[in-house]
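Only one chain is shown below, in structure tokens, and it's the form predicted on its own.
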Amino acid sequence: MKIYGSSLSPYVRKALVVAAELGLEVQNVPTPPGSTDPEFREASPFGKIPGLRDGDLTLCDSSAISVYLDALHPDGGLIPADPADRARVVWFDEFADTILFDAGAKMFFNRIVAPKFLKIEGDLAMADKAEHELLPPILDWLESVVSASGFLVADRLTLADISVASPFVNLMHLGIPVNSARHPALADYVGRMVQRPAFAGLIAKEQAFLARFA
């Protein structure tokens, strides 16, 4: 099974962490978004990452890939069967892919991708606005919904946790930690999530890669 894309993308990272947490072996094929590689485009016709190939099956979109991977596992586990819990997992996954990702992407693209990889000037005003105006209310809300168990849904690890934690890795790469004084529950939550082996291995590789462009 192959997953195309770079784990610097929160979407690709999410799919890779889901596979690792489920104990599924996948080959990560480093692929930039928009690549014209025929095999990648067969999996992702519009050039979005991640793409997946499993035998004759090709699939794109991190949420669709995550659902497929969860269904492959004998016991599933990351997407609860309970209707209310399942709906909440879908909500957090969508929240992470849109609202949280949008704020983080404005910072990551303009401060790292544009100047370091594309060799163009990033829109630093946009990045600053995202950090100081878009991000704080998102963090405030997440602080209010992390349960005493340390998870978001069903008092255990679900796709919701993986989806939400993934964009925070990009904030870590930017040097923007969660302020433990203002958001103690969220800071603890993110800290524990990124220390999970499925996340930690990817983060170490990403840090080594980014260090080459420092």
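Throughout, we count residues from 1 along the sequence that is shown. Since this is a predicted model, take the numbers as computed values, not measurements.
Heads up, the form predicted in complex with a small molecule isn't pictured, but that's what we're talking about next.
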- request: Would you check, heavy atoms only and a 4.5 Å threshold, whether V164 touches the small molecule in the model of the complex?
  value: no
- prompt: Does the small molecule come within 4.5 Å of any heavy atom of L52 in the model of the complex?
  reply: no
task: Mark Y11 yes when one of its heavy atoms lies within 4.5 Å of a heavy atom of the small molecule in the model of the complex, and no otherwise.
output: yes
query: in the model of the complex, does T58 have a heavy atom within 4.5 Å of the small molecule?
result: no
- prompt: Judged by heavy atoms and a 4.5 Å cut-off, are K48, S62 and D97 together in contact with the small molecule in the model of the complex?
  reply: yes
Option from 40 to 48, 149 to 157, 22 to 30, 183 to 191 whose residues, in the model of the complex, bring a heavy atom within 4.5 Å of the small molecule: 40 to 48
